[in-house]
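Read the single chain below, which is given as structure tokens and is the form predicted alone.
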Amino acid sequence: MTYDITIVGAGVVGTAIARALSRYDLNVALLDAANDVGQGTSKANTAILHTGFDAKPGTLESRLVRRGYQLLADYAARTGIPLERTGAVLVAWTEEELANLPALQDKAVANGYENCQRLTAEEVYAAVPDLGPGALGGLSVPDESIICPWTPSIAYATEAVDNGATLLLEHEVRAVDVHPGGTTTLHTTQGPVTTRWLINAAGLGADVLDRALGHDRFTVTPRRGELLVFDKLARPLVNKIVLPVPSKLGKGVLVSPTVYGNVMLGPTAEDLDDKTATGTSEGGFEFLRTKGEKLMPVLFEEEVTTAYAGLRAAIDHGDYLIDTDPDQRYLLVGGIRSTGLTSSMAIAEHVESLLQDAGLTMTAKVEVADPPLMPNIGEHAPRPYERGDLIAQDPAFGEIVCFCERVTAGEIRDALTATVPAVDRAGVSKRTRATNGRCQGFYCGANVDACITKHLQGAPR
């Protein structure tokens, strides 16, 4: 079979593109080396829905983040993706940072965001009472939000598959051949995949795939960010995102609530050579402890539940690198940094426009699937174990398997049998939060694994 379009990379950007293109009369394939969607840079990030107030004005990133913010917020409301509009406070700790705040406010206005307000030190402490001493002033960003970073990729992929797209996981691309007759063959670990158009949304591997097609225009540097997650007892201390004044490496170390009821501190920013280096480090912990104890010392009176690290796909280019090569029938979506979660749907919209400009015939399907209703794994709405109506219909939703996160057997079963199913414990954790709580699977891990094994033994071969 020859696909009309094949997207390499099933992260939040690749799945968003697949969702968008699946709404046309096109044979679409979504391909990834991992065994699940959203397993690369999309898996571990700061989970913030950005307004784009501090983006570089006039850039493609600025435009797509602003557009993506609204698109994803609307999509979250329709699908049940956990989202909370907490707002953020940007805190100046030095005279130099304080002096930079007016320029940041001007930048926000230039980016089309006019809701920032300057704050005195007293107003900063009124907004975040448990902040450490020494804040000189701040800037409020009332529309910054926290969001579940895992569910969007799964929702996008689910909708794409519901619309007929083919999901090809565990297909690592080893080589590419562009044929003069108008097709391209991807040589994968599961065999060849032939396509008429290729979209490179491979994240950390986008530069490698780009070179395989004969280009040499950018290099991806994996930028590791380590984060600490504090116990839910810390949540009353942090009801807003607390941001530092940005530096050239990004937004720096922040403190933020999560939609799961925890508090998060991080990330670090460490450029590496290894695109698989997602382990945490003693140095990263010490750096975050030093920063965190100044930012909010009382936070360290609570327990750290876990630490994790993610990689951002930083590139030697000041903007998103999205470009079309009609001769090769190839479209690059590279350099999508930490704002990619926010801008994902706008990037997909932009890709649609570029493909149409390149001459691809795109006829909208007469009927498309409704956006899927995703399981709620956030704390903003009742969870299944709290819903008597759901338990009355299906007692499995009253059977707790993971007691830290109150995850039920019904949720785990549904995760294993969904349109885009979990295939292992990591996949179940992303879809239900099982093993992500205080015990980190120490008590519930065996029971979660038993649910998975029971399902696999009963699943059709």
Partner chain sequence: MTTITTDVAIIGGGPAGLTAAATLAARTSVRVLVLEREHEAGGIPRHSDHLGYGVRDKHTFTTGPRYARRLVDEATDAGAQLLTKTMVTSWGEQNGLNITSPRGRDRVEAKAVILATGARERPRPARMIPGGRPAGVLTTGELQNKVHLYHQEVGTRAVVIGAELVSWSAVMTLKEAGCRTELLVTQHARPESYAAFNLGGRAMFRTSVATRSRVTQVLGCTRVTGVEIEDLTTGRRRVVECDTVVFTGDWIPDHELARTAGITLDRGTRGPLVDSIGRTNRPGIFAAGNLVHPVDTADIAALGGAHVARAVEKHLNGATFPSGGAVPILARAPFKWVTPGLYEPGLPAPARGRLETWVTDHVRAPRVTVRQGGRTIARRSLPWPASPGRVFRIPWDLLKDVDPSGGPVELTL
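Quantities reported herein were computed from a predicted structural model and do not represent experimental measurements. Numbering follows the first chain given and starts at 1.
We do not show the form predicted in complex with the partner chain, though everything after this point is about it.
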Original post:
Does residue 279 reach the partner chain in the model of the complex, with heavy atoms at most 4.5 Å apart?
Top reply: yes
Subject >> residue 400 within 4.5 Å of the partner chain in the model of the complex, heavy atoms >> reply: yes
Subject >> the partner chain contact at residue 306 in the model of the complex, heavy atom, 4.5 Å >> reply: yes
Original post:
So in the model of the complex, does residue 93 come within 4.5 Å of the partner chain, heavy atom to heavy atom?
Top reply: no
Original post:
Where, among 47 to 55, 389 to 397, 410 to 418, 22 to 30, do residues come within 4.5 Å of the partner chain in the model of the complex by heavy atom distance?
Top reply: 389 to 397
**OP:** Taking 4.5 Å between heavy atoms as the contact cutoff, choose which of 206, 238, 173, 228 touches the partner chain in the model of the complex.
**Re:** 228
Original post:
Pick from 126, 110, 99, 233: which residue has any heavy atom within 4.5 angstroms of the partner chain in the model of the complex?
Top reply: 233
Subject >> the partner chain in the model of the complex: contacted by all of 439, 445 and 450, heavy atom 4.5 Å >> reply: yes
